[in-house]
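Quick heads-up: it's one chain on its own, the form predicted on its own, in structure tokens.
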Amino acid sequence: MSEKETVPVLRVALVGCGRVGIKHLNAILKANDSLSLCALVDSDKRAPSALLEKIRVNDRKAALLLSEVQIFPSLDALLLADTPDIVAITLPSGLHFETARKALLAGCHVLLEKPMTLRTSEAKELFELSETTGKHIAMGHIYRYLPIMEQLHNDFAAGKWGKISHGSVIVRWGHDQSYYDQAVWRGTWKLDGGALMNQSIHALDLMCYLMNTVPVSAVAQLGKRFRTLEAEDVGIAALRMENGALCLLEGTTATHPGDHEASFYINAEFGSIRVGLRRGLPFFDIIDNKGKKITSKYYRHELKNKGIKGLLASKNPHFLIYKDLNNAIRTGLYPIADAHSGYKSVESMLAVYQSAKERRQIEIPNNDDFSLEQMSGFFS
């Protein structure tokens, strides 16, 4: 019996057929030896068909998809008819909790776009539910899947870089006003948040991943300078990490939409790293404590372990997230971006917002069950 016959293909239902949905569909198609799309779910009857028409595949494969994929108006309707192996959720952030909770309780694994939820207690509940049900949550923290990141994470964890003094993360992910105007929920406190919660949370997650630590306190300021939305278009925070290191966070959507940047800096006892993305291109500048550039060492290790195809796969991080979740389901291991990472990133970012609102340092964790919706009226 062949391997393909002994390892069943996992069936995926996509809930939410908006702009990010095409990344999920292309990732599922690319993994067609292990994953198959079984359903599309959206309250807008036109959205699933419009999404399928965007798939960059030959006409035969597109026709096959259209004939086999079932369409449902809600997750409830889907779960009454079927129980997919994986439910991928790309809905507005304020709808993540209830949707993911239903999927887990129905016996499905979950791939959840960031942020996990917009309330601390809800993120904690999803994490704990994932543990008790034995069903994985893979978070859409795409930066963890960029080249070299896992190597750096492992080396910091092994102490090869020594003590960390501090780090900084910059997310200048510009959006013009049309981005916020295209949907009434964008930039709202109830369903989305601003530059920090929406655009910067997976960058903060990567800093925690690289540093192998989490924030324990936050002091922050928010601003609304150029864009018309309910939440912020710029935010800055100073974080103290559990290992004693400090971290600065800058996130904004008020920059030019053609010059996206997400950059990360860590200064450590035995060297420093500068890594990130600028205008869609990754950059790496890794230096040891003698001032010698050792980036090529990491490149060679990455090439040896993953090959050219593995490196090229990082152009579509969603493919790597699906591949990682697929492996976790089959082996019982945790995904690289797991439920705990989703919970801790939400807890940390909500502490940033709470600090800005209450104009004081917020300890993490604290007894307040803070929700992003509590920021309502902040700029009034």
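The numbering used is simple: start at 1 and walk along the sequence shown. Quick caveat: nothing in here was measured; it's all calculated off a predicted structure.
The form predicted in complex with a small molecule is left out here; the points below concern that form.
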* To do: Check each of 91, 164, 149, 238 and return the one that places a heavy atom within 4.5 angstroms of the small molecule in the predicted bound form.
  => 91
* Structure fact -> Among 224, 172, 186, 136, just one has a heavy atom within 4.5 Å of the small molecule in the predicted bound form, namely 186
* Hey, with the small molecule in the predicted bound form, do 157, 215 and 340 all fall inside the 4.5 Å heavy atom range? -> no
* **4.5 angstroms heavy atom contact with the small molecule in the predicted bound form for residue 362** => no
* May I ask you to check whether residue 25 falls inside a 4.5 Å heavy atom distance of the small molecule in the predicted bound form? => no
* **is_contact(residue 20, the small molecule) in the predicted bound form, heavy atom dist at most 4.5 Å** => yes
* Report whether the minimum heavy atom distance between residue 79 and the small molecule in the predicted bound form is within 4.5 Å. => no
* Since the chain is shown here on its own, which stretch among 322-330, 38-46, 25-33, 342-350 would lie within 4.5 Å of the small molecule in the predicted bound form, judged by heavy atoms? -> 38-46
